[in-house]
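Only one chain is shown below, in structure tokens, and it's the form predicted on its own.
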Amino acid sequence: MQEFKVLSPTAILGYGFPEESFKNGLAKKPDIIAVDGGSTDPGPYYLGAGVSFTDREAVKRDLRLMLKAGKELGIPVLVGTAGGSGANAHLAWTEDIVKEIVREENLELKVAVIPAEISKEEILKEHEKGNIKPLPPARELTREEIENTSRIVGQMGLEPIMAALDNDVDLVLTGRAYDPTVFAAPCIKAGFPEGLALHMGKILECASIAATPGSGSDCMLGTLRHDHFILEALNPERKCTVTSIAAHTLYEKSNPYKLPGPGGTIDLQEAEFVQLDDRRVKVSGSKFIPSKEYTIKLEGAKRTGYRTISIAGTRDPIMIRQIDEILEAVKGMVKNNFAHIGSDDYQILFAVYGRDGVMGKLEPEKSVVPHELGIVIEVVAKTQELANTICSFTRSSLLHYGYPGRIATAGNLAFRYSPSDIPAGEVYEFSVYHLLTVDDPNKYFPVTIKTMKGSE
């Protein structure tokens, strides 16, 4: 086999893609269609709560087009990190969507399902054996932290997906997977170099985000050969350039030359990027360096409370000049008014947009005095009721606070919404972000083969 073509329809399943771009990709006769379903990027809530951050109808729309195309071309479709976070609840949610499509389109699919959630009991055993180490800046994992965690997933590597493909399936549906693996595993199984396949997968998992102009909702084609790969945007309005592809190679990396993952590291020190024409880029020189130990990244989230927010704005220059002092004074009012409630039971957070709402203490432009500010009042508390109470009092106190030089008496804030306070529900934080050393890469990722028929 001289080359292997991978069609990546979109940056994340459910983000959508133009059907014309997709048809352009299908016309090039890809060997597989692969898509990434998610990551930790949207934060810990979705993993902890067991819900998807992508919309169900949007995911169904994308999957329908992909599954029908896969059947028509006789090629497998691969979905990584199903449901956005890849725990059992997310995998079942995505599988249910597939079943609906199968019924509605009267399809017959042979499906490999690979879960990635690991029980807390199993994690505790591995912890006691000393097989779990922190992934900086995470702290050492404790038994209490494991027990308080809602869900824990492991990032599967290439091996479980390659094992699934041994079964001549129409669809591979995985739980949490290392992002490049659903793109790279079929290539490596076909005999192509691991370093090139994983590097190509690293770019294809974000599809046309790596093109210019970039888009998270458009298609990309990767053509892998034994000494290089070629990337091509499938929308005529976009193109791949050396700058766009090289820049995306650096995306989400702490080291510009090395990208660690399950079983080893992608080494990019000898990588070369060449512009073939105005739309395509050729990449060569990427290598894979196996690690001495095979490690799997663990991700877990625990519930830490409940959130209520209120969004307001101010345009009073007198208030803006002393906003920090005012916010601290309001916190003091809350503390005094609810002295009977423990200070550990709630937390008040202010995000001041127009000044440092994005970067906080890291904001370099500290001397700029804005003409207006957006203020997000956020309260996290042990119960939703307490969060509501503290947010309400904080909002009313800030609204009517009598700061020095104040002229207006009707109120200090403009509210965008009524009701002004918005209960936001459960709050989660990442509690497990560690590496698990294993002897068998497939140990925690069993492959189950299912047949789905539209007539049943």
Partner chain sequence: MGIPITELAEVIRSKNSGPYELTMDIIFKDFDSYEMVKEKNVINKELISRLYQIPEKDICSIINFDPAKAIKITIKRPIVAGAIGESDVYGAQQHAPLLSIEV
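Positions refer to the first chain, counted from 1. None of these values were measured; they are calculated from a predicted model.
The discussion below concerns the form predicted together with its partner chain, not included here.
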Partner contact check in the model of the complex: of 81-89, 253-261, 68-76, 216-224, the stretch with a heavy atom within 4.5 Å of its partner chain is 253-261
Select from the listed residues N337, Q322, T243, S291 the one whose heavy atoms reach within 4.5 Å of its partner chain in the model of the complex.
T243
Can you pick the one in Q275, T304, N131, N167 that has a heavy atom within 4.5 Å of its partner chain in the model of the complex?
T304
Within 4.5 Å of its partner chain in the model of the complex - does that hold for a heavy atom of every one of G357, P364 and Y433?
yes
Against its partner chain in the model of the complex, would D41 count as a contact residue? Criterion: heavy atoms within 4.5 Å.
yes
How about V369 - does it come within 4.5 Å of its partner chain in the model of the complex, if we only consider non-hydrogen atoms?
no
Does its partner chain come within 4.5 Å of any heavy atom of T249 in the model of the complex?
yes
is_contact(Q384, its partner chain) in the model of the complex, heavy atom dist at most 4.5 Å
no
Considering only 126-161, what residues come within 4.5 Å of its partner chain in the model of the complex, judged by heavy atoms?
P136, P137, A138
